[in-house]
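One chain is shown next in C-alpha cells, namely the form predicted alone.
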C-alpha cells in the first residue's frame, strides 16, 4: 500500500501548494534555503544518524554518508567558498563525475548564497566555455581528469577566479588552481546559512536552443516547494525507501530529483558512478535493495534489448515503484517492465524550465501505456492552437503543451536573456515547446518537439551549437544538424555538410569531423552520421531549412517550400 498517495481525484480537490509549505515548516516571507532544508532540517528532526547517501564507483567500492555528514561537509564547503572571497549571488560551477563531492558541494553553494551551476562532466571545452562565459562564472569545482579542459579555455574566461580540484592529492596544480579535499579538511559543525528567500536565485541550468547559444534557466529557492511534494507524491518516497535516480546532476533531473527531492524528504539515496551495463545496474539494485527507481526511456530500451533472462539472475524483489523521465516512454517499454519487474514504469513529463514534474502518471492512477499521464495537482495544463494560442477543446487534436504560470519551481528568467524568456509566454500561458493531444479522459499524449532541438537519450542538444562547431572544422563550408530516428536513443544527431573546394568526402574525413565535434562539445552532440552534400536547402533570405532535411529523414510531409531559393 502506498502510504503517501491519496487518490489522484482526492488530491486535486481544493489543492494548494501550502500543503507543501506546512509540511516543510515554511511560512510566506520566511527565509528559505534549499541547502539548509536538505541537511540541517533533517538533522533537527532527529535523523542525523540516518543514511543520506550510498555511493558506489565503477569498481564496486562504496562510501556512506549520514545526514549529519552531509550537513557538516556542506557547511565545510560553504565556509571554504566564503574564505576564498566568493560572495552570495556569484555563480559556482560543478564540473565533476557523480562523486560524493558533487552532491554535497551543491548544498554548500546554496548555503553560502551562491548560484549552483552544474554542468555535465562529459562536455568538451567548447560547451564548457560557452556556459562559463555566459554566466560569468567565478569558480569551478572539478577533478584532475577534467581540469585540462578548463586549462585550455582559461585565457578566454578571466572572470573565473578559482579552479577548485577536489582530488588533487600531491599533484602539482597550475594557474588559479587550488586543491580542496572534503574529507581531510576540518569539518565545520556550525555555519550560519545565508538568508535566501523565495525569489533568491539558486540553480542555473543550461538548456539548448534552436537558433542561438544554450540558455541558462534561472531557478530560485522557492522551487523546493514543488520539488519536495512531487518527490513525495509521484515518486512515493517513504522513510524506509532506498531510492535511485540514474540522472547525472549536470541535467535538471539529477538536481531536482537526484539531490533536492530525496534529501528534502529525508530519504536514503544511492548513486552509481559507473557507465551503463544491464548486469551492473541490476546488481546495484540487488546489492543495495533499491525500492524506488527513477530512470530514462533510453536506459529502459537498453535494458529491453538485453532481455528478461538477465533480470532473472538477480533478486530485484526490493523494487516497489518505478518512474521514467526525459523523453516519451513508449508503450512497449511499459508493457515490458511489467513482464520483467512485475510492475510498470510510470512516465513523467517536465523540463529544465519547469523545475519539477508537471504531467505525471500518478501512483494508483490507471496507466495508459504510451501516455504522459495527467497534470500534477496545482498544475493547470492544456494544449493550445499554434496560431491563436487558445486552448483546444476538441479531444485528440494536437496542439502546443502549455502551462498556467505560477507553480513554485517555474524558472524566473533566462540568464541575461529576458527577451527570449518573455517569448515563451503567450496569452498568459507558458509554452513548453512540445506538441501533444489530450484524450477524452484527460490523458496527455506526446507527439513531438515544436522546434529543431534534438532529443538524444533524453538530453536536449541544440542544432545551432553543433552547426557552429562544424563550421570551425577547416573542411566544412556549410552545415546543418537534425535529429535522426533511433530505436534506442529516440534521436541521434545527423549532420549535413557541404565541403570547401579543396576537400573530397571520404570515410576518414567523416570520422575526423565526428571526433572533432565530440572533443569540442560532447559525446551527445557528436553526429552519428554525416551526409556530404553539394549544397544545403535555404530560404531566399539564406536561412537553412532544417525542416526540409528533417522531413526527408523522418518520411514526413515536406510542407510549404515556397520560400526555398532556386538553385
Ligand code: PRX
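Residue numbers count along the first chain shown, from 1. Keep in mind it's a predicted model, so treat the numbers as computed, not measured.
The form predicted together with this ligand is left out here; the points below concern that form.
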Hey, with this ligand in the model of the complex, do 473, 516 and 527 all fall inside the 4.5 Å heavy atom range?
no
By the heavy atom within 4.5 Å rule, which residue out of 259, 94, 325, 132 makes contact with this ligand in the model of the complex?
325
Sort through 223, 74, 230, 253 and report the residue having a heavy atom within 4.5 Å of this ligand in the model of the complex.
253
Answer range among 452 to 460, 121 to 129, 479 to 487, 271 to 279 for contact with this ligand, defined in the model of the complex as heavy atoms within 4.5 Å:
452 to 460
I'd like to check something about residue 434: if you look in the model of the complex, is any of its heavy atoms closer than or equal to 4.5 Å to a heavy atom of this ligand?
yes
My question is simply whether residue 265 lines the interface with this ligand in the model of the complex - judged by any non-hydrogen atom within 4.5 Å.
no
Does any heavy atom of residue 446 come within 4.5 Å of a heavy atom of this ligand in the model of the complex?
yes
Hey, in the model of the complex, does residue 293 get a heavy atom within 4.5 angstroms of this ligand?
no
Heavy atom within 4.5 Å of this ligand in the model of the complex - qualifying residues of 349 to 376
349, 350, 351, 352, 353, 372
